[in-house]
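A single chain, nothing else alongside it, follows as structure tokens in the form predicted on its own.
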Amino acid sequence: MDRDHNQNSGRLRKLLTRASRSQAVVGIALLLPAFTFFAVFIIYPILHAVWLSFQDLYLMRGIDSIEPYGFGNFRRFFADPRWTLYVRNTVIWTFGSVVGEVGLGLLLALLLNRRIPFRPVWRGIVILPWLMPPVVVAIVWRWILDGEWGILNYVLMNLGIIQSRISWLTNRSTMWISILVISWWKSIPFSFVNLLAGLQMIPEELYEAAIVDGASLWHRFRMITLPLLRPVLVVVTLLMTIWRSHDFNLLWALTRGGPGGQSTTLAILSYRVGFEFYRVAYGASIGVLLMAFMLVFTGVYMRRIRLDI
């Protein structure tokens, strides 16, 4: 009887092994298109850009003029007396955008998570800027902020707030705040939607119990909302930081990196060097530097988050 039992167990294990193998094959087959897409459109361009950053390629000499250059492109970047300006602009653009977008997105999510009249309508209005292409947003805002014909100057002068026209996007004292306000207006909906979804996952019973215990609005926010919303905040902040660091469309359409390079970030510099001055390898090296900076930031950020938890 024991012998029959062992034989049955052996057959069962073989059947299970065959079933698991067939399931593994089916799983690999289903994932193969995604892996292929990832390898062709993400891994290969990154590896090619890294390889290209160690070459010397000037398209005016022809595509066949490529030759090894070592760390020459990186030395060239740090030898540029304005490299600190480009890094500073990238930091201002990235963190200025993220702080406003996440902070204001959280504020709107808290407000529109409450029971207020026409709440679905207000939620729909908040999302509208996200639906507009970045270039269209830039064109509309350039008209609004135009120094000669912009409606903002017209309104402010009629209200007596300013006495003369201001070129909002070319004046160095107003340029960055104008750019950041436009970025906030365009990108707040993304953080708003995600943070609102996170807020709706928090059980109402927790707030009701806190109210019974006499907790104030601030204490409910600090002791209940923030801790439970923390995972969503971490992901949204990290995604927004990565996206803003290499964002090109909106900033380029607004200022073209001016005036005098005062709004030129590393992403814009990489584009101009590669596609306007035809120094393709040098442009790739700037992109690789930006990627390296963001990898370091992501590692430090995630490590800090884990330590805080």
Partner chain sequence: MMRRRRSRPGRQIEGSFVFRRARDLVTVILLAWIAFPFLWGLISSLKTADAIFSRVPTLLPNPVTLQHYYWAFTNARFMRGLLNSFVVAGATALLAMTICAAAAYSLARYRYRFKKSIMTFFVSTQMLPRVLVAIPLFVIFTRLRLVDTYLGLVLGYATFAAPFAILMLRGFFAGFPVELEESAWIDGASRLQAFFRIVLPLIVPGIIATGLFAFVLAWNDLLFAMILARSASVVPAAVVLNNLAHSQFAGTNYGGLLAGGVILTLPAVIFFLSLQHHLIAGMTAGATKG
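Positions refer to the first chain, counted from 1. All values reported here derive from a predicted model rather than from experimental measurement.
We do not show the form predicted in complex with its partner chain, though everything after this point is about it.
Taken together, the three residues Pro33, Leu107 and Leu131 all lie with some non-hydrogen atom within 4.5 angstroms of its partner chain in the predicted bound form. Only one of the listed residues (Ile92, Leu112, Leu156, Leu85) places a non-hydrogen atom within 4.5 angstroms of its partner chain in the predicted bound form, and that residue is Leu112.
Listed residues Val193, Leu228, Ile166, Leu206 were compared with its partner chain in the predicted bound form; Val193 is the one with a heavy atom within 4.5 Å. For the chain shown alone, Val140 is a contact residue for its partner chain in the predicted bound form, at least one non-hydrogen atom being within 4.5 angstroms. When contacts are judged by a 4.5 Å heavy atom cut-off, Trp185 counts as touching its partner chain in the predicted bound form. Though the partner is left out of this view, Gly70 does not reach within 4.5 Å of its partner chain in the predicted bound form, counting heavy atoms only. Although the partner is absent here, Asn249 is a contact residue: one of its heavy atoms lies within 4.5 angstroms of its partner chain in the predicted bound form.
Shown here without its partner chain, the chain has Ile63, Asp64, Ile66 in 60-82 lying with a heavy atom within 4.5 Å of that partner in the predicted bound form.
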